[in-house]
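First comes one chain, alone, set out as structure tokens in the form predicted on its own.
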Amino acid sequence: MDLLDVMLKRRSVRKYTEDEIPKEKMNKILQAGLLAPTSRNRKPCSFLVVDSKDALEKLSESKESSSKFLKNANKAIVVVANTLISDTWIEDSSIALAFMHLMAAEQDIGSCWVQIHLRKSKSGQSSEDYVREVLGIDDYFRIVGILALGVPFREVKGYEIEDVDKERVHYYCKE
């Protein structure tokens, strides 16, 4: 499968079976995050794999909406970035999340990115602070998102290349 095929296959999957993710597939997903490029190769991101059902249920309450499905995920990867290492933590974390999201699709594992940065929990607390409290993460770590993972409940149809909006591409030619 080439990269474009993986990109077309990738969907946000929020409903999972109770099947375990095979260890070799999980390792490939994590390797993709570790291989993600970072500004000046500073590598500020760490990957916290959560497989505790209790913790996944608590993380499902990290936002006012759009995080409930975490409680039914098999695992989640919380991407934490050390602000003492780099000020490009948002970009570096986002690239790592995207790489892992694509690798999950390539491995036939369902995944969905849960936005944490700049979001609030139901109580009005910042989602980042909520996740830090649940998982015991130090304050100098920032959290852009969580990648929920699981075996998809049903097969999800990918995109077709004809679906892309080519009208969004513009060219600037200096003469």
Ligand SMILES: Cc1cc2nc3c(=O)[nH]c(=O)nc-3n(C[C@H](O)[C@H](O)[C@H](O)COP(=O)(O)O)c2cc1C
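Start at 1 and count along the sequence shown; that's the residue number. Here the structure is a predicted model, which means the values were calculated and not measured.
FYI, the form predicted together with the ligand isn't displayed, but the following is about it.
In summary, the region of this chain contacting the ligand in the predicted complex, judged by heavy atoms within 4.5 Å and restricted to 26 to 34, 43 to 51, 114 to 122, 130 to 138, corresponds to 114 to 122. Residue contact check for Lys15: none of its heavy atoms lie within 4.5 Å of the ligand in the predicted complex.
Although the partner is absent here, Ser66 lies within 4.5 Å of the ligand in the predicted complex, judged by heavy atoms.
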